[in-house]
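Presented below, as structure tokens, is a lone chain in the form predicted alone.
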Amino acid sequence: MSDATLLAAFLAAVARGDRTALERLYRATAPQLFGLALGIVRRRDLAEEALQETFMAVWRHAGRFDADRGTALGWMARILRNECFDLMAKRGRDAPLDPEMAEALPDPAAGPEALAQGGEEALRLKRCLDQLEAQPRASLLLAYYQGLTFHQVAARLGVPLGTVKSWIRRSLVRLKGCLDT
């Protein structure tokens, strides 16, 4: 059973109210999600809070996960990303990253098999990203890899907010189509 299938099975069990499945899901994904949260909010306390809120949302809404629309980890990462943005809106984002905290982060390095598979997936994603036009690709990368809000992306690129939203929405659809082929 692949990791993605296992995580989807955990989510299905969580949707049925299985607390053990939630614990297993937490153990399997928390280090990655915490690293993602820390990269967005840049403060350990906010990252921990975002992670906690994410798992509370997962507990409440696990039944909404649709494996046909994406991976379990991707679904959870989207929830986490939204929680981070909500927290930043409430408390601010500009606090510097604590060096001690950065050293305490779990090692995200994967084993050789996972690296090989991840390398293939990364190449495939890069090929699909390269098929996008420059500005839509830039808006997508700013939003998902740098964690900027749509407003921040619009300001950075000097284009209207609606344009950024359209670019990102269309780019995600094109990426999904490309990755599904």
Partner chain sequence: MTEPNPELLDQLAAEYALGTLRGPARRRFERLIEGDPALARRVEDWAQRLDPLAEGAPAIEPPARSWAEIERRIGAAPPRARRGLLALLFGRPTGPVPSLATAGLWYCLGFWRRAGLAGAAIALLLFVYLFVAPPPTPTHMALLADAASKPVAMVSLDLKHDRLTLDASRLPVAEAGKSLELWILPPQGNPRSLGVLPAGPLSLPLDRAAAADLAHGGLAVSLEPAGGSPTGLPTGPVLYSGAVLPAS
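Since this is a predicted model, take the numbers as computed values, not measurements. The term rigid core refers to the most C-alpha atoms you can superpose between the two forms while keeping them within 1.5 Å. Numbering follows the first chain given and starts at 1.
What comes next is about the form predicted in complex with its partner chain, which does not appear here.
The closest heavy atom approach of residue 52 to its partner chain in the predicted complex falls within 4.5 Å. In the predicted complex, at least one heavy atom of residue 17 sits within 4.5 Å of a heavy atom of its partner chain. Proximity of residue 149 to its partner chain in the predicted complex falls within the 4.5 Å heavy atom cutoff.
In the predicted complex, at least one heavy atom of residue 78 sits within 4.5 Å of a heavy atom of its partner chain. Contacts to its partner chain in the predicted complex (heavy atom within 4.5 Å) from stretch 54 to 82: 55, 56, 57, 59, 60, 61, 63, 64, 66, 68, 69, 70, 71, 73, 74, 75, 77, 78, 79, 81, 82. Once the rigid core is used as the reference frame, the Cα position of residue 169 differs between this form and the one not shown by 2 Å or more.
After superposition on the rigid core, displacement of the C-alpha of residue 39 between this form and the one not shown stays below 2 Å. Taking the rigid core as fixed, one finds a CA shift for residue 153 of 2 Å or more between this form and the one not shown.
Cα of residue 31 to Cα of residue 138: at least 3 Å shorter in the predicted complex than in the shown structure. Cα of residue 176 to Cα of residue 74: at least 3 Å longer in the predicted complex than in the shown structure.
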